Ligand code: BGN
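In the form predicted on its own, a lone chain appears below as C-alpha cells.
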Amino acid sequence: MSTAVNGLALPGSCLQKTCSVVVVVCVLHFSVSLLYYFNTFQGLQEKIFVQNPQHKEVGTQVTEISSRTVGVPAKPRTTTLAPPVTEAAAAPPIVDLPACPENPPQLVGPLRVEFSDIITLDDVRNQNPNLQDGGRFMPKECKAVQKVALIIPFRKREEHLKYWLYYLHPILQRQQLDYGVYVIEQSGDATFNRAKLLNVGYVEALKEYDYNCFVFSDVDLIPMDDRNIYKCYKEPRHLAVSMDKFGFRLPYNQFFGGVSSLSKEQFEKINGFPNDYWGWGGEDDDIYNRITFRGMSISRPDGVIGKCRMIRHDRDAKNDANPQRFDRIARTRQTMNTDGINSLTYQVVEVHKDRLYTKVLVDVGSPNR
C-alpha cells in the first residue's frame, strides 16, 4: 500500500516511521517543560522561606502552644502575624506632670460637719474609689509638692475613726496631697501614751514611703474648712486652732494640741516627741517647748479657716490625767535630747492594710517598764 504526497508515491512504512519520530519528540519536549516548571517552583519556595525565617518560628511557636493543651481536639484557626513588640513600644509613656498649685482649685471652703448620721466603713470605701490599699492617694492631674503621712494615735475609738475617715479622705483629695493614713493602735490595757504612739507612726510610715511631712491628728477632731490644708510649712504648724470645745477660741498661746504638722527636718530637729508621758495631758506643751528651744516658732491658720469640731465622748479608761505632767514639762530642756525618737522602743504586734488606712498594732510597754 502506498500514499501520494505532492504527487509522489511514498511507501506506507516510511510514513509510519515519520509519525513515530514526531510523537517521541513531542513527549520529550513536554517532559522537559514539566521538569523545568517543578524545579522553578521549588526554588521559589526555598527562596521565600530563606528570606522570611519568621514563618518557621511562628509555626514552631503554634506547635508548642498546642502541645500544652491536653485532651482538647484541635480546631482550625486563623493566625494573624503581628509585628514584634519592642521594649519601647510596650512601656507606657512617661508623663511629666506639672506641680500641684499652692491653692488647690477644688476647695469649697466652710463645711457642714455632723456626727448624727450612721456611717459604715463600706460607705466610706464606696465614696473613695481612687484610694489605694493602706489609705494611699496621689493626684493624677498634677504632682504633689509634699508627701504627707497622717498619724492617728488610737485605742478603742472605732466609731470616731469612721467619721474621721468619712470627712478627711475627700478633704485631703481635694487638697491634692500625696498622702497615706496610719492608725497607730496601742495594744493591751496599760496607760495610754499618745506621744509615743505618734513617734511610732513616724518610724513605721517611713518604712513604706519617703514621706517628708507628718500630720499628727487626734481621731475625734474634724476640720470645718478644707482651706485648712493638712501639709507642712516653713515653721511647725498648729492646725486645730479654734475648736468648738473651747468656743472656737485658742485656749492659750502655747496650745499645740489636737492636730499639728511638722516636716521631717523639723521633727528630727526636736528629737521627735517625748516617750515618757503616760496618761492624759502634758505632751503637747512639751512639744511646744521643744520647738521653741530649737529656735522655731508656731504658725497657724486664722481662726475661721482653723475651725474644728470635736466628737464628744467620755474620757477613755486607762487615760487618766498624768499627775507628773507639770514636773516633766518644766524639765523639757534637760530631757529632750535623750527622750525622743532616739530612745524609742516598741514592738509591732500586727499590721493591717485596709483600703482606707494602714493600722499598726503596737506594744509600747507601760509606765513600770
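One-based numbering along the sequence shown. Bear in mind the structure is a predicted one, so any value in this text is a computation, not a measurement.
Below, we turn to the form predicted together with the named molecule, even though it does not appear here.
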{"property": "The single option of 293, 280, 248, 209 touching the named molecule in the predicted bound form, heavy atom within 4.5 Å", "result": "280"}
{"property": "Contacting member of 329, 344, 305, 336, with respect to the named molecule in the predicted bound form [4.5 Å, heavy atom]", "result": "329"}
{"property": "Residue 225 within 4.5 Å of the named molecule in the predicted bound form, heavy atoms", "result": "no"}
{"property": "4.5 Å heavy atom contact, residue 325 and the named molecule in the predicted bound form", "result": "yes"}
{"property": "Close approach of residue 284 to the named molecule in the predicted bound form, 4.5 Å, heavy atom", "result": "yes"}
{"property": "Residue 233 within 4.5 Å of the named molecule in the predicted bound form, heavy atoms", "result": "no"}
{"property": "Which of 170-178, 108-116, 150-158, 284-292 lines the interface with the named molecule in the predicted bound form (heavy atom within 4.5 Å)", "result": "284-292"}
{"property": "Sequence-ordered list of residues in 248-263 near the named molecule in the predicted bound form, where near means a heavy atom within 4.5 Å", "result": "252, 255"}
